[in-house]
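Take a look at this one chain, the form predicted alone, written out in structure tokens.
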């Protein structure tokens, strides 16, 4: 392919605990959970109450403000609990599997035989629609609005993340079917972001897409970076984004007529005895992966659903996030370190040359979740620009969000970005500000102002 885009600004953080390409299947057991909090901007309305018998594909809840968008059970069984938090906000639907593996039936046919409206209806009813997200604002799209284009990233570049090429290689037929379905949902193009110089790449054989290769450090694998380099989002435009692993689930739906959210999840991190891959269902409990896999004991360990840059802090009794293909375990880092700032720091990570570790940048390190300081003044240093490859001024955009200046936010590119695009900015920022949280607050403000 001739469409090679080189990313120069970014940062690869080398960590101990990369998963081996070994696959172990986990039989459905214990409980499964679907968390409404995974779906930003959704107000859940309960359909399946406690005690309701469900099948895979049975609606659990829908969005109050867009009832067509439903969220379904990943497995057959019974709704055993609907856990709530403050102000009775629904935290999770818990399903006890019955071992029958029964499924609701949906339409299955070849993509060329189905109309756009039939495809939309099938994806919506099955619960596959939430797999799709849109730019701007990184939210579930409105089914009534067609996208300008669709972008799919086929590789992760964040530390310790799953190898999507490994995940997809045995399900390429379903992946291609998913691509063929998606091409009928847009009048524009479907773009595929592929890792450059990977001779074993499964995705080079994908048909009905326009392929672009990306080379360079993280965040080269972020779909937002790929959109920015291929065809940026302008005000008034909407594009859809997907992870390649989720395209498989949509493809299976049209090949088999059932909702089968089987996922391959990577268990990674320095605190894992044997990092590897697990084949399981969406909504699996974290402990199903980590059982007998954590070094020493679980004390002083940080469990993360997702990667170390963008994932959510969880416990072993929580459930894997809806969009996550990695579970990471690293040291918590909650122990004080005497004169840590005065030591040479050969085993520490530093973006600058604060520690002598810069002499060996390719060494894999054991890093913890310690922030090494609290929030302080947000000053102009230029450090964010060095790891942010978009044609956007990151610090200026963040400050525009902080002061809630919508016009300035629009001028600085709020419609192009997502929280994950600022993850490295959060790492190198000496001010210790929660940048990803700030960007999400900016999205919510913009959505409210724009109606």
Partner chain sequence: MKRLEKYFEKIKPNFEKDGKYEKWGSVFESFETFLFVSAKTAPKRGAHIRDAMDSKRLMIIVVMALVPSMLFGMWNTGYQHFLSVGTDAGFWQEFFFGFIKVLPIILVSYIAGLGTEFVFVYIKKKEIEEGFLVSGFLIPLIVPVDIPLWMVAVATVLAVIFGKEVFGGTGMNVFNPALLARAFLFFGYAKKMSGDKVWIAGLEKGQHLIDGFSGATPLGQFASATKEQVANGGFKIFDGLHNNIISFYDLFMGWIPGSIGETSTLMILIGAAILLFTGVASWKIMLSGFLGASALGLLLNALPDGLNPYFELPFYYHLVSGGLAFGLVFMATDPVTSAQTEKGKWIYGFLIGVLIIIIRVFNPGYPEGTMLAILLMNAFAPLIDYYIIRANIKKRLKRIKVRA
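Not measured: the values here are computed from a predicted model. Positions refer to the first chain, counted from 1.
The same protein also has a form predicted in complex with its partner chain, omitted here; what follows describes it.
Trainee: When you measure heavy atoms, are 189, 242 and 401 every one within 4.5 angstroms of its partner chain in the predicted bound form?
Mentor: Per the other structure, none of 189, 242 and 401 touch its partner chain.
Trainee: With the cut-off set at 4.5 Å between non-hydrogen atoms, does residue 220 touch its partner chain in the predicted bound form?
Mentor: Residue 220: no contact with its partner chain in the predicted bound form.
Trainee: Would you check, heavy atoms only and a 4.5 Å threshold, whether residue 413 touches its partner chain in the predicted bound form?
Mentor: Residue 413 belongs to the contact set for its partner chain.
Trainee: May I ask you to check whether residue 232 falls inside a 4.5 Å heavy atom distance of its partner chain in the predicted bound form?
Mentor: Because a heavy atom of residue 232 falls inside 4.5 Å of its partner chain in the predicted bound form, the answer is yes.
Trainee: Hey, in the predicted bound form, is residue 172 touching its partner chain, heavy atoms inside 4.5 Å?
Mentor: No, no contact at 4.5 Å.
Trainee: Using a 4.5 Å heavy atom cut-off, which residue among 26, 50, 408, 46 comes into contact with its partner chain in the predicted bound form?
Mentor: Exactly one listed residue reaches within 4.5 Å, namely 408.
Trainee: What is the one choice in 83, 370, 317, 108 with a heavy atom within 4.5 Å of its partner chain in the predicted bound form?
Mentor: Of the candidates 83, 370, 317, 108, 370 is the one lying within 4.5 Å of its partner chain in the predicted bound form.
Trainee: Going by heavy atoms within 4.5 Å, which of 70-78, 306-314, 177-185, 274-282 lines up against its partner chain in the predicted bound form?
Mentor: Comparing against its partner chain in the predicted bound form, the contact stretch is 306-314.
Trainee: Using a 4.5 Å cut-off on heavy atoms, which residues of 76-104 contact its partner chain in the predicted bound form?
Mentor: Nothing in this stretch is in contact.
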